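We begin with a single chain expressed as structure tokens, specifically the form predicted alone.
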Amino acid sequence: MAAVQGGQVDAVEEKDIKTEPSNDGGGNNNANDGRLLSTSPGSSSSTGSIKSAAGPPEDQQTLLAVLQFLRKNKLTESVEILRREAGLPEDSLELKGGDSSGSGSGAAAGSVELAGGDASSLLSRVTSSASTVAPAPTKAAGEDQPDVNVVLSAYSQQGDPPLYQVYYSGLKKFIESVLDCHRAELSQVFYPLFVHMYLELVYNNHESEAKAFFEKFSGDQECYYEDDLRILSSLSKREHMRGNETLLDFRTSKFVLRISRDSYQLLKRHLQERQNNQIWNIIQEHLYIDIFDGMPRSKSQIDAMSGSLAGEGKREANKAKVYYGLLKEPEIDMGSKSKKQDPNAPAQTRIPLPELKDSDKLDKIMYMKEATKRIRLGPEILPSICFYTFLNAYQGLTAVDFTDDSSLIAGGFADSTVRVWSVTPKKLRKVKSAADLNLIDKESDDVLERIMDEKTASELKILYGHSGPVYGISFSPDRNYLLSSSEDGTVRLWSLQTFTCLVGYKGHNYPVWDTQFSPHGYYFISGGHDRVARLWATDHYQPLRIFSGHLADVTCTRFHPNSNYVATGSSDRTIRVWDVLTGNCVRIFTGHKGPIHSLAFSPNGKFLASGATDSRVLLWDIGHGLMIGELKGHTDTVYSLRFSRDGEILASGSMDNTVRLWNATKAFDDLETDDFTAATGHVHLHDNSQELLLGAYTSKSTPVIHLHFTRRNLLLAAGGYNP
């Protein structure tokens, strides 16, 4: 017995036993307990030499003994795999008196001893018998692309089609009969099980059964899966499944459920008692159950975190250290005391940042002077709002941005142009031609004025170059450059000195939905339909980092104030935070019920706000990796979010033609995050949106697609008039 448990087996029988470590080390104490034994491709070739004089009955006895042993050690998935490959009936283990709770351990131990020989010869016989009984199925040449075929092939092991409804109904009846505290948690398995069982029926050409199954149970699913179910209902034939992105996503990424240990044990016991292998196999193969110790979560707590394409974020994914503090400001001689380094801030040299030029230092001094005149906002002192309405845009306005000093505004349009306006009396001028520049006295004090060509002065400049609608634009912090991203798959860098395109960055293969400059310049981020975000530097043609992990379009991107992290929002209804230095995903936030369209970091770097098509604004604590607030009030997609310069107020702009102001300070001060909350992911959201709402301001008929706080805390809003 000791030999079987010890490590000698692997050494002796390395050729015949393939061990697959569990996919997810951290919290998956569940179904991935198995997957240890499976026959290796080479084992069948050596069966002749391994077979001893023992006849088939003894081989079967040995096999049952090993199955008993695996079952005793709760390696249920291995038991199922081995039993299926050996072609044994489902009740074969029951005949031996084994039981998953370990009650048959004596019999199992006895059987192993009876089988005789050392552990390695015992297991070699098991391997040989399994490989002779169940040869690997061969795939018809050219039947399908290998990757898609691998992804879909898991659906080929199906049970009796008419029984699918019985299995699902039985589980539903059981979950509805358990105690209230467990019911909410166990109800989470309905949706992923429903999808996988439906797809299994479709894949195995049981169209009528699949249709009946869908019609009977699709109405039971949560309302926020409505769009996904609509897509699913269109997959009624096996051919439809190939090349369907949504389906492949669902198949390849395990659906994550967070369940308390008590609820999980309840479910496991029920399925094992009922011998409901069909459902148990799906849970083991396609679900990742993140088990926590403690009280089960309530329905409201679960609903707050549900809704994404692949379930909740794993708790393990949100445990990495995030340096959310701000970088120390560069020393500028203005007589002000230098601040201490923030303990939560990354090292100044963690990522290489551009050095400040003299013009940058002058701008910093101007910024500090402006900041002294800044109005301190609060519940009693709300900002004035200035709305820039784009007339005659005919719904063609697709993106807007303001410079940090609020002197320029740029719009991206569906006609593939970028237009830049001056919003101060100072007009836009180009630099003189090379011939004219040679005539200038370069030593004069006003040389920066002299190089500008007065003949080109105008309030508006139009930039031509893209060959599709422009979906994202961003000014550089020094106001010398402008980025634009387009449906044509490129990001372009424009000079605001010559109003010409300097570089076209090609990396995305599909539309690029958003782009944004780093707060320190030089770096920028882009995200698009190809489901990845890319980090670039202005002087590199190729991306520096590719952030891959979203299951659908990356719809919005934002840099953290310290430039060490970027946040991306996606149509898969998740938000991810990425480390610029390592390229790793350090946070996954779930809770939105629709594609995410806006993100904003608080000025102190501690919090993140997100807005989506579900009309809600969610607030996140980056350090703890938790949702800490929900702001309800908008009636349409939230397209823009911005914190005031001091972080006191959060402004949100929506397609419902309103700007709403929220008390950010109160939302964050009411926060209670103890260690238990952080460990289990229990979120207690106060339904206090009305208390936090400071004001709602409606435009006549203009959706709000961009918001910007000036350095003195005046709020600027922009959108295209929609007659």
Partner chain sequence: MADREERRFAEVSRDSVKLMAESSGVELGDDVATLLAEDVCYRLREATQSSSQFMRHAKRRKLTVEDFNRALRWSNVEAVCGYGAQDALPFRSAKEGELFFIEDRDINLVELALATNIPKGCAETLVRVNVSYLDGKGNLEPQGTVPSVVQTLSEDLLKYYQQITRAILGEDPHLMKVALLDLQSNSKIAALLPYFVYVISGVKSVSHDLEQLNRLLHMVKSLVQNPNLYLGSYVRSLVSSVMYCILEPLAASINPLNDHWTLRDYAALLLSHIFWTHGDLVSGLYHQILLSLQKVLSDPVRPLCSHYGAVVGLHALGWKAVERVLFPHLPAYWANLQAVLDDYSVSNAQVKADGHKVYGAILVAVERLLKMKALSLSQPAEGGSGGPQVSVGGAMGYRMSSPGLSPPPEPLSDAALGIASHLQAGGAGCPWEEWTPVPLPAMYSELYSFFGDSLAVRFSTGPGWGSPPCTLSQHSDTKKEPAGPASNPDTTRKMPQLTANLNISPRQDGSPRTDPPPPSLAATGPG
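Residue numbers count along the first chain shown, from 1. Everything numeric here is computed off the predicted structure, so don't read it as measured data.
Not on display, but discussed next: the form predicted in complex with its partner chain.
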Proximity to its partner chain in the predicted bound form (heavy atom, within 4.5 Å), stretch among 186-194, 634-642, 497-505, 258-266: 634-642
Heavy atom within 4.5 Å of its partner chain in the predicted bound form - residue from Q284, S474, T590, T613: T613
Selected contact from Y224, F174, Y388, F292, since only one has a non-hydrogen atom within 4.5 angstroms of its partner chain in the predicted bound form: Y388
G465 within 4.5 Å of its partner chain in the predicted bound form, heavy atoms: no
Its partner chain contact at G521 in the predicted bound form, heavy atom, 4.5 Å: no
Touches its partner chain in the predicted bound form: D220 (any heavy atom, 4.5 Å): no
Its partner chain contact in the predicted bound form: T698, any heavy atom under 4.5 Å: yes
Contacts with its partner chain in the predicted bound form, stretch 527-551 (heavy atom within 4.5 Å): H529
